[in-house]
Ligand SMILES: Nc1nc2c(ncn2[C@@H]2O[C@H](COP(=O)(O)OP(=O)(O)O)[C@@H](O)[C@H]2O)c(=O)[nH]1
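Before any questions on how it binds or moves, here is one chain, the form predicted on its own, in structure tokens.
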């Protein structure tokens, strides 16, 4: 009897083990893959499921031919984290699809950290160049004592960058030399990128190819009036140049963007040059070189505080046809303190923009973009009235 009871206990124990094993194995069966389910299959209160949709993301490289183009940045080693932010903006919104090169220029040698960090962020090739001393110094024809007196006067008047020597070298370099650097000679198109900028919207097409296909040579996203105190004699220098070189002034130009009285006076409108996409061959042309050389010898980069923005803008307005200058409404951009947020809700939604349209500077009274549209006979984007 005792043996029979022992035997029954073994059988019951075995059955219990089998039942437990069955439940354990059932609970480990994988659930139905995400792709087989539908949104309505999820019941209220069910924890969200994040699928792995990596295969559905846009390709790392967009199809199609590439232009002979590069990004270009003037930066110092101390700008490393500010320019890293800018690179991520450009790569995430545009360049991860196109993999264009990036040229970094500096008046000193780049250190290992700057090179290592920026190279890791850029999808194309990175190139690092040192600016020749003769391009980042006082020309021999500049009276250094006079230039020093001007800086002191501007400091007393609290004019922005008025007492800065390095800022003046930067403006002169961007006006007349960056496109002549040996590293830049390999390219036909450039996109200028500054530290600490932000791009708010996706850019799903090749902007360089757009410029080439549509015969554009210069572009902008923001325009405004220059500080009058920094360029008191710039327009006089421009008129001296146009009188000496009338052959460089094209028909159907944008003089009306610059002047309200057919060129007698400058209204101080300019394109903000911290964002530019442009043609390097135009900047290297005899017309532009003659223009820069004439302004350079006038001395205003050091005797005043001429910025590269009005210098570039005046050249583009006078030496390019109106239809060779382009406004990128769809490239949303920020550089302290101004924002260009695309006008038009459908544009912002389609491009996944995260800018606040209330911050858009385009139709502000201090902006010159309204004037650009008027002189070109262009229809303003739908909804611009709400942003005035």
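Positions refer to the first chain, counted from 1. In this text, all values refer to a predicted model and were calculated from it rather than measured experimentally.
From this point on, the text means the form predicted in complex with this ligand, which you will not see here.
- Scanning 167, 138, 128, 210 against this ligand in the predicted complex with a 4.5 Å heavy atom cut-off leaves one residue, 167.
- The contact with this ligand in the predicted complex, taken as any heavy atom within 4.5 Å, belongs to 79 out of 202, 188, 229, 79.
- At the 4.5 Å threshold, heavy atoms of residue 303 stay clear of this ligand in the predicted complex, well away from it.
- Although the partner is absent here, residue 335 is a contact residue: one of its heavy atoms lies within 4.5 angstroms of this ligand in the predicted complex.
- This ligand is not drawn, but in the predicted complex it has a heavy atom within 4.5 Å of residue 74.
- Contact between residue 195 and this ligand in the predicted complex is found at the 4.5 Å heavy atom cutoff.
- With this ligand left out of view, the stretch that reaches within 4.5 Å of it through heavy atoms in the predicted complex is, among 91 to 99, 263 to 271, 158 to 166, 120 to 128, 158 to 166.
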